[in-house]
Ligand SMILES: O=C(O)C(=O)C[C@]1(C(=O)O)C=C[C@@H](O)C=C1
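The chain below stands alone and is given as C-alpha cells, in the form predicted on its own.
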Amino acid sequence: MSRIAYFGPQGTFTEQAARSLAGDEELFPVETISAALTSVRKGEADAACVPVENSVEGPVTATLDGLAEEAPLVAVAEALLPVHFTVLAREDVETVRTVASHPHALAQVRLWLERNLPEARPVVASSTAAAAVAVQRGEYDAAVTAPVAVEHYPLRVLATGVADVPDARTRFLLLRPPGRLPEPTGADRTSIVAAAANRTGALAELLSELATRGINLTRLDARPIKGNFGMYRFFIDFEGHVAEPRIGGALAALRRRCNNVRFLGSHPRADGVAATIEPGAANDDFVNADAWVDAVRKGELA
C-alpha cells in the first residue's frame, strides 16, 4: 500500500485535505512541511500533502521554499477546503483565559475571539492540533482547531463554524516525485517557479509570454533567494496543462528567458473552473499556426 505523509499532527486541516486526496492510500502525520517533503524525497512516503495558500493569509512560504529547493517534486492533485474552525476547551467558556492555535488560525478568528472570549489571551502554537494537545495537557484553556480535531482529542466543543471571513479557503497540494502527469481536463492548473534576471522589465517580460498566448494567471508570489540579497524567485500558477500547445510554448519561452525554471506540476483544479480562452488563443489556433509555418518552410504555402 502506498503512503502519504501530511503536515500534522492528527486533527489538522491538512489531514482533512489528505483524506480527500488519498483514496485507499495510508496516511501518516509528520511534524513539519519540510519533513513531509523530505519523506517523499527519501522514499519514506509515496506522496506528501501540504498547504500552499490561504485566501486570507496568503501563501504558505514553507511550502514554496521547500518546492524551490532540493530534489524536484510535482503537484498531481489539489484540494480546496473551506476554513471554518472549531473551538475546543477543557472547561466551560467562563473559565477560558488563554486560547492557543497556529498564527494563521488566530488571525482568521481574531474578531470572533474579541466578541466571544474578550478576556482570553491568544497564544501561538505550532499547529491547530498541537494547540488541542496543549489544552489536553492543561497548558492552555482552549484551542482553535480544524473540525476533524474532535475525532482525536476528547475536549469540550465550545463553538463550531467559527470564521471572521465566511468564505475563507485553503488550497492543499498532493506532491509526488516527477513521473507521469495527470491527463488534461480543460480545467487545469500549471505551476512553475522561475528566477528572472535582475534587470529592468524582467518580470514584465516573463508575464508577457503568458499574456501573448492568452494564458490567465491564478497566482503570483515572490520569495527571496537565500544567499542572494535582493534576488527573488517568482512562483507562478496559471490556467492550462503542459500537454497543451499554448502552455508548452509558454514554458519553452520562459525557459529561454529565465536564469532557472522549475516545473511544479499540471493537474486538475479543485474548483473545476475551466480555462479562459481568448480569441485566437485556443490550442487549435496554435496547432494550425505551426502547421502553416511548417508548410511555408517546405515551400507548400506562402
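On a predicted model such as this, the values are computed, not experimentally measured, just so you know. Residue numbers run from 1 along the displayed sequence.
One more form of this protein, predicted together with this ligand, exists but is not displayed; see below.
This ligand is not shown here, and in the predicted bound form it never comes within 4.5 Å of any heavy atom of residue 189. The closest heavy atom approach of residue 253 to this ligand in the predicted bound form falls outside 4.5 Å. Although the partner is absent here, residue 85 lies within 4.5 Å of this ligand in the predicted bound form, judged by heavy atoms.
Contact annotation: residue 39 falls outside 4.5 Å of this ligand in the predicted bound form, judged by heavy atom distances. Residues placing heavy atoms within 4.5 Å of this ligand in the predicted bound form fall in a single listed stretch, namely 103 to 111, out of 103 to 111, 194 to 202, 175 to 183, 210 to 218. Shown here without this ligand, the chain has only 60 in 60 to 75 lying with a heavy atom within 4.5 Å of that partner in the predicted bound form.
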